[in-house]
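Next up is one chain by itself, shown in structure tokens, the form predicted on its own.
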């Protein structure tokens, strides 16, 4: 998949981060950005990249600088993504944005980019820290996965504090739960799985795990896994921790198809704050989610990409010269309307 878009979008970057404050004697320059995503079918990544392009289009008339965006999908293949990076360099890209397939296998991309002197902004899928430190033109834009797990756990804590008996439906003093994990080895999946549960336990609530399956961030896979959970533990599941909203929505699909009555549903929790999840929250099918700020990450990528190419000051929210991490936000039925307005 390749989309070559000539966009007058430098202002999307320049307005927010000061990239537009070029010196009087420096002419605006054209910028070419290569973007490679790990999988074109990932809902959140699609949302993020759409925001990236939308921000560019919204600002295209502000400056006379043209930005060409080359976008590729690696379809889950790290070798293909490595080749895409080579293609971006051959095509004259000034900066490359990578949603890496395998966070533990960034060496080839780093070596290729460093040899060509092309800065790389990794996003959403955080590579190993030691790799990011290998060169001063490597950056990361995303969020703190540990925080999202804690916030998901806090949603359940708040529900328990407001009405424990409504969560502990069988009245045994334990919260029977199942876990739907994103992807084996993915930093976000590991942190969200660990800290959602440990946060609840640290608050004094006892949990009993009935099942834990990997569903690869995928709604259909989660539907299948949840169907299996329901068959193995009929009327016993009280909480569903899902590493992302797509898998939470797959849980809801399974509950509907199994004919579980709404009053007998477990507490369903997600992470990302996608439009479909917000709708499920508003309809009472999900108990809560945690916003993974796609718009903020897209804006930060644009800001940073412009800054490293044009040579203007790097964004103020860049930490240690390497990281931009957008904070997560808790979304529940009580505040979902506000987020729907801006989604």
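This one's a predicted model, so the numbers in the text were calculated from it and none came from an experiment. Positions refer to the first chain, counted from 1.
The form predicted together with a small molecule exists for this protein as well; it is not shown, and the discussion that follows is about that form.
The candidate spot formed by 177, 219 and 225 lies out of contact with the small molecule in the predicted complex, as no residue has a heavy atom within 4.5 Å of it.
With the small molecule left out of view, the stretch that reaches within 4.5 Å of it through heavy atoms in the predicted complex is, among 50 to 58, 36 to 44, 306 to 314, 65 to 73, 36 to 44. Under a 4.5 angstroms non-hydrogen atom cutoff, the small molecule in the predicted complex has residue 292 among its neighbouring residues. Remark: residue 188 counts among the residues lining the small molecule in the predicted complex, judged by a heavy atom distance of 4.5 Å or less. In the predicted complex, at least one heavy atom of residue 125 sits within 4.5 Å of the small molecule. When the small molecule is considered in the predicted complex, residue 251 lies well away from it, no heavy atom lying within 4.5 Å.
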